[in-house]
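This document opens with one chain alone, in structure tokens, the form predicted on its own.
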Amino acid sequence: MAASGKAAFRLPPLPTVREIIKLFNLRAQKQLSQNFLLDLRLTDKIVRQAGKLKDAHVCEVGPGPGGITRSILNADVAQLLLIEKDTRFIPGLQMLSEAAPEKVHIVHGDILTYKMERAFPKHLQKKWEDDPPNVHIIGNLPFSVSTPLIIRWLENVSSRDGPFVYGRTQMTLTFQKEVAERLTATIGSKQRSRLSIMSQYLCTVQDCFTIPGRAFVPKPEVDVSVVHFTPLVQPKIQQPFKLVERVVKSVFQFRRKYCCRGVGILFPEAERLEKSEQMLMLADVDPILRPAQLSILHFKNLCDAYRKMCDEDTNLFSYNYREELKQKKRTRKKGYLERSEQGD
């Protein structure tokens, strides 16, 4: 008996990705940190990390010559949005679009400025507390854009806008192995960093697998890891993103010092010792712990304490440690010049 239901979509025979590269004379540009993944077994494996994609709406970031694109289409998605900044790749992507009628929409643009909240139909939106929507972001990110982009998207998670107007949109992205290790680092790890806290307080972050550099063309000097993000229903720190980022960045500013050193630069020098001791006491955080030894709960308490102090002193959040250092240098230089003139 014939199987009932709609047959799964498969791409028709097409030139291979390697043939597409030759056909359109595509070369990876080092200044854009481009590296092509040609092995469709690996691109299939990346796409499987996103979960079940049948009838899903997917945004692929930087599809390039279209290796991952083919694997996404073969997963029988309902719609695939391709955002590609480099015009050289558009003709090859249009071939894929023609092979999958009405499934592919190509945008020539920059993912850092593209309005993701308009990418998909409104009916896909789910409440934040519900299961994640059938919307996914997938991408083999250029190394140069991966960190600023994930920070941008984490801020979107916090404010539930951008690609997260649809709900807890899942992301499956590639990073340099070292960056992936920072994103997923646990307490006490040498890789524990600002990225660890900023990603893990907002998302469940999973390092799925590592792809050796030799699998890419041209071969990068580092291996690449695939990381999957699922936004949490409740963030582990209930404070504005910019406040959390400020506290976390300050603490990790001196990652080899005691955490009290980084906490201190949140405050003007004249009251630094007093205020940093007050904040650490409010947060119940041992001042001689190293930044990498601090848990998400430690950072939650630090952020809550800092918020309380900012509410009490409305000028505190605008304080800039580096600007105070520059001002001190200018003052010293001015004094030196004045003394030199008097000596003449």
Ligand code: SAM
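All of these numbers come straight from a predicted model, not from anything done at the bench. Position 1 is the first residue in the sequence shown; the rest follow in order.
Keep in mind that the form predicted together with ligand SAM is not shown, yet the notes after this line are about it.
Undergrad: Just one of 274 to 282, 287 to 295, 303 to 311, 36 to 44 has residues with a heavy atom within 4.5 Å of ligand SAM in the predicted complex, so point it out.
TA: Flagged stretch: 36 to 44.
Undergrad: How about residue 223 - does it come within 4.5 Å of ligand SAM in the predicted complex, if we only consider non-hydrogen atoms?
TA: No, residue 223 sits far enough from ligand SAM in the predicted complex that none of its heavy atoms falls within 4.5 Å.
Undergrad: Could you tell me if residue 109 has a non-hydrogen atom within 4.5 Å of ligand SAM in the predicted complex?
TA: Residue 109 belongs to the contact set for ligand SAM.
Undergrad: Although ligand SAM is absent from this view, report whether residue 140 comes within 4.5 Å of it in the predicted complex, heavy atoms only.
TA: Looking in the predicted complex, residue contacts with ligand SAM include residue 140, since a heavy atom lies within 4.5 Å.
Undergrad: Closest heavy atom of residue 83 to ligand SAM in the predicted complex, within 4.5 Å or not?
TA: Heavy-atom contact with ligand SAM at 4.5 Å: present for residue 83.
Undergrad: Give me the residue from 243, 260, 145, 95 that has a heavy atom within 4.5 Å of ligand SAM in the predicted complex.
TA: That would be 145.
Undergrad: Out of 151 to 177, which residues reach within 4.5 Å of ligand SAM in the predicted complex, heavy atoms considered?
TA: The stretch does not touch the partner at all.
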